[in-house]
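Encoded as structure tokens, the following chain is the form predicted on its own, with no partner shown.
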Amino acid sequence: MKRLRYFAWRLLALIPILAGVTLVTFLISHAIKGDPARVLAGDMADEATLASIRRQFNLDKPLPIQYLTYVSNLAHGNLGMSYQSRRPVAESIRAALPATIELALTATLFGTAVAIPLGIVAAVKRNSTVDHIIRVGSVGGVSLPVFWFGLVLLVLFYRQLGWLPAGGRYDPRLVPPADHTGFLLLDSLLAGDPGAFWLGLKHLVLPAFVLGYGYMALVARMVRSSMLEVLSQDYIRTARSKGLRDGRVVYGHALRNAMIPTLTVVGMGVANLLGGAVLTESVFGWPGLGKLSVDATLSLDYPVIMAVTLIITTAYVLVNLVVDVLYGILNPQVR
């Protein structure tokens, strides 16, 4: 019962957080110099055309009135109308969100599956050649600029070797499978089309690797650090003195406790993958929230910018809630 009350309280706390985000995002986006009406109509448009566009999108009202109108529409589930596409923002989000989730989920699975074993090996073989190689790779993952790393991989695997496609989510010359869920790989499986599945997977490999590499490096470093701290504890020495095998000591005793501080890094890393896909999607032409937000920023499309910000903020809060729950599962003291 206490846990249910805790969940309810955390979900209620989401309301003032989102309200603050809408206000800050609204003020910052409208502080950008430029006229959305001029961007839409072009430099040669006359004042009558500009005035008509401003009335159409409520841009002729004072900023406080515009904000109150936006909040009122938001309370009714209306994210507004996109200035650029002239269609509801919810439709643009619905089309772009599955692509970003698919990319972020693949990067998360790849990063987590690789980072945890690497962190364990680096800790168990501390100061060995393997440990040094893993640490150098981790530093590279944290340090390499995403846009540069992505372009290097494109030149190598697309232009030089020809193994992987240049970008996008699917071959533009082919008809993609029917859109049932918005997730291309899942829709390919539902359509019973393995060719479309493998083609979509080939398009996903490079952006998912680039996006997940930094996350993998961060988690691997954290796992190594936590494992080194746990392996030096008295109860680990006691377990070994009792004759337990190294595998049971490492995976049965040390890893569980080492994952407790790692959870914070993993949780924030997952949220960062959703919000940090902007550069990756721009480099690879991936039609997700990142590319949508870049296009919206260039065209001063305020409703789209604010909608993407709200989604990313909500993801951060929900991921933090999941991390708190996992803390209770791994650590009885928290329960």
Partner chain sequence: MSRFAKWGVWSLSAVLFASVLSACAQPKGSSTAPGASGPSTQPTPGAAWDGTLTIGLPANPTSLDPRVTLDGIAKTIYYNAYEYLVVVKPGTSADLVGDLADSFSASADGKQWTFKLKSGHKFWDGTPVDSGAVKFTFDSMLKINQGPASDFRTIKEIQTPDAQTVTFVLTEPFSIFPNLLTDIGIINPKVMEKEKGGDYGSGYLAQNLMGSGPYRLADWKPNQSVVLEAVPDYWGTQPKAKKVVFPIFTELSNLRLQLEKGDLDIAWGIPTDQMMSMFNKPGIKVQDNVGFDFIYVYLNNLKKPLDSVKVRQALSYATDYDSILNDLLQGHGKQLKGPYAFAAEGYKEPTFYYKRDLAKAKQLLADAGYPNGFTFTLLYASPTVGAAQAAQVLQANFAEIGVKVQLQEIAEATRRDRVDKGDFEASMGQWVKTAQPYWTMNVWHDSSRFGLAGDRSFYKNPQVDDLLRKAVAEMDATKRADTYRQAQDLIMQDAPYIYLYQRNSMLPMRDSVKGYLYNPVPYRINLPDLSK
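What you are looking at is a predicted structure, and each value in this text was computed from that prediction instead of being measured. Residue numbers count along the first chain shown, from 1.
Below: the form predicted in complex with its partner chain, not depicted.
Q: Sort through A90, L109, L186, L244 and report the residue having a heavy atom within 4.5 Å of its partner chain in the predicted complex.
A: By the 4.5 Å criterion, the partner-contacting residue is L109.
Q: Only one of N78, T238, Q84, T181 comes within 4.5 Å of its partner chain in the predicted complex by heavy atoms, so just point that one out.
A: Going through each option in turn, the one that passes is Q84.
Q: Indicate whether T69 is a 4.5 Å heavy atom neighbour of its partner chain in the predicted complex.
A: No - in the predicted complex, heavy atoms of T69 and its partner chain never come within 4.5 Å of each other.
Q: Closest heavy atom of R94 to its partner chain in the predicted complex, within 4.5 Å or not?
A: Result no; R94 lies far from its partner chain in the predicted complex.
Q: Although the partner isn't part of this model, could you tell me whether L151 comes within 4.5 Å of its partner chain in the predicted complex, counting any heavy atom of the residue?
A: It does: once its partner chain is placed as it appears in the predicted complex, L151 has a heavy atom within 4.5 Å of it.
Q: Contact with its partner chain in the predicted complex for R38, defined as at least one heavy atom pair within 4.5 Å: yes or no?
A: Result yes; R38 sits at the interface with its partner chain in the predicted complex.
Q: Even though the chain is shown alone, can you say which residues of 171 to 191 have a heavy atom within 4.5 Å of its partner chain in the predicted complex?
A: The stretch 171 to 191, when checked against its partner chain in the predicted complex, contributes D171, P172, R173, L174, V175, P176 at the 4.5 Å heavy-atom cut-off.
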